[in-house]
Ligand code: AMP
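Listed next as structure tokens is one chain, alone, in the form predicted alone.
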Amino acid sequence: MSLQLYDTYTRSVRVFEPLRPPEVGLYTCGPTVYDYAHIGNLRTYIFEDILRRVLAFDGYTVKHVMNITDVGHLLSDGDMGEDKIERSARLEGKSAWEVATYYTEAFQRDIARLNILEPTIWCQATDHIEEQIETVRCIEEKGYTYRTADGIYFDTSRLDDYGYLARIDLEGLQAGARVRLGEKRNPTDFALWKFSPEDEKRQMEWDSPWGVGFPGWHIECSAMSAKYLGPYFDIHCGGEDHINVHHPNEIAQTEACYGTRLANFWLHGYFLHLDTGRMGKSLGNFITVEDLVEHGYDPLAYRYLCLNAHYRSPLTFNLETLDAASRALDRLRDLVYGWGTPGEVDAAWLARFTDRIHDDLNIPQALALVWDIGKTDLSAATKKATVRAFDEVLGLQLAEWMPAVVPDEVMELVAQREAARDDKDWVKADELRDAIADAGYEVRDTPEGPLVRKRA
């Protein structure tokens, strides 16, 4: 089966064929670096990492570009409120540049912990002000802009198909509150360049042909993706929250300037939910990777959890599901390690795996094959080689994992506990389990015997 992907723009599953093989241009919307990324955000980056790995698995050279939004993203998608970076700087008593650098580095640490591949190109909005100004000028020259007291706005009424990606009632979209509706020609119009308020001290502002100010949030992605990938490239990704506003505005800008819809495929990852509802920074209920680590979880257990749900399906998070994922990952690591030295990959099993990942990244079914192959009568060496090939996509670092060396005195306690269990002396067995825990280790009983590991 050829690789097939669900394109949000056409609302259909389409066969993927690169525009300029063997290279694939991939743009993924990066973080707004005013706070830590929460695990809901990171679910989207895991899905995008899987996509990139599948493309590489298929032999393509992936040119992956990710933006860092360090200016222009206001508190509301409707061009209202304070700039998120400026607000964090004010609240934290730092410069806007310090805030952006700190949270950019935190994000990069988080994706490393989750074994998410770094993009080929990182591009910060503040490093590309000139490109953004030039893109606004291009849109202006084509007759799609108008000026208000607040800034330069995109006139969405000039595009017959504005908002096609979202398939929503355009009349229902809310107008931006920073500009009176009387100044905006249409409720869906959005800022390309914002003027610095006279009564508000800003740290990030630049001269432009229209006056001192800063770029709107949407223009950076149109400008930077075109710079590095061209005005029409293969795949653009983001979270489902980008479907209604950010991505339609990117498309509108690029259509006005270049006459393209920016990307051939538009892919979107769905939200992570807590038991109590959607996770979000504005809701004050978000969980970070560092939170998981502080509670003793390996970040790859969270990656494993995400692999159990299709990227276009909601995923509910709670500690019970994370515990189950953690146990499954531990068992898988032990299983694969126990198979010894890898041999030759089994072509038939690899073909089955390829069909599943080509089915719109059906990773849950692909992950199931890892467990299925363990039940076969293939040699241990073949199993290990084949699963390691699968892991080029799954990204669970199964080849790198090594069990911790357990001290002899702890192994002696484990042996005594096994003897007590054989004698059905459960009280003594429990006492020995507690002694093992006091030494900083845990023992897990499996059909293959006790597994001992250092406690997280």
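Here the structure is a predicted model, which means the values were calculated and not measured. For every residue, the number given is its place in the sequence shown, counted from 1.
Just so you know, the form predicted together with ligand AMP exists too; it's not on screen, but the next bit is about it.
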{"query": "Ligand AMP: the contacting residue among 194, 242, 184, 303 in the predicted bound form [heavy atom, 4.5 Å]", "finding": "242"}
{"query": "Listed residue (72, 238, 151, 248) with a non-hydrogen atom within 4.5 angstroms of ligand AMP in the predicted bound form", "finding": "238"}
{"query": "Complete contact of 30, 44 and 270 with ligand AMP in the predicted bound form (any heavy atom, 4.5 Å)", "finding": "yes"}
{"query": "Contact flag, residue 53 vs ligand AMP in the predicted bound form, heavy atom cut 4.5 Å", "finding": "no"}
{"query": "Any non-hydrogen atom of residue 63 within 4.5 angstroms of ligand AMP in the predicted bound form", "finding": "no"}
{"query": "Residue 421, heavy atom within 4.5 angstroms of ligand AMP in the predicted bound form", "finding": "no"}
{"query": "Answer range among 407-415, 32-40, 383-391, 54-62 for contact with ligand AMP, defined in the predicted bound form as heavy atoms within 4.5 Å", "finding": "32-40"}
